[in-house]
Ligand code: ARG
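What follows is one chain in structure tokens, specifically the form predicted alone.
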């Protein structure tokens, strides 16, 4: 990957160009509730959601990254959350197989799109998983969430399909039903996470693997601050997570705050909108 220009003050941190797959929220709405954040009775402003999403795309392009699109399907209001569509590492993809019937049509749609992405191999999943919602790539390792959406069997299937090390982590708080709501990769060696979302033994694993991790508060997690995207230097993060923005800056990263408050109504934020296509 090509190294982006960095600021002199951020010694030791570099940004790398990324390739992202995203989906316009043309059909976005909250008409069912499949996570604790969704309220079908609360009004949703689709035009505002689209404007916020377009701003996110603009930020990515401005940072030097490539954004590609998948066509949104009518009747699939959550398809904007592209991260759930699969996992791509080393030019190989592992497809999603959604838990809830409300989103089941997204799996084949993302699978078809991944097959046109110029990847070396695309493996269709047989086990229930929701892509990068529960798979977080940290260097050569994949952290994998389970407990609400993605099965442990999918962890093993992904490890075989992509020939990678997969470390399983148990989620225990239904508000943080996907791993990407409570943990994010910052670079190839470090992560940021909210300890309260994990079972005790999984928390011990994280503490052993990442002793210098950035820890988020409950307030940061509730503001979807953990649902962020880092290129190794810049961290695109919801502006509502002000405490975490400051901690990331103190750790030598460059936070890039955005407003995705409309998409939060469906339980998603920056990372949920972003599937990385890793070559």
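Predicted model only: the values in this text are computed from it and were never measured. Numbering follows the first chain given and starts at 1.
The form predicted in complex with the named molecule is left out here; the points below concern that form.
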Taking the named molecule as it sits in the model of the complex, is residue 193 in contact with it (heavy atom to heavy atom, 4.5 Å or less)? no
Can you tell me whether residue 86 touches the named molecule? I mean in the model of the complex, with a 4.5 angstroms heavy atom cut-off. no
Given that the named molecule is not shown alongside this chain, does residue 150 nevertheless sit within 4.5 Å of it in the model of the complex, heavy atom to heavy atom? no
Is the gap between residue 129 and the named molecule in the model of the complex 4.5 Å or less for some heavy atom pair? no
For the chain seen here without its partner, which of 246-254, 35-43, 49-57, 210-218 has a heavy atom within 4.5 Å of the named molecule in the model of the complex? 35-43
The listed residue (141, 199, 103, 92) that reaches within 4.5 Å of the named molecule in the model of the complex by any heavy atom is 103
Check each residue of 60-83 against the named molecule in the model of the complex and list those with a heavy atom within 4.5 Å, in sequence order. 78, 81, 83
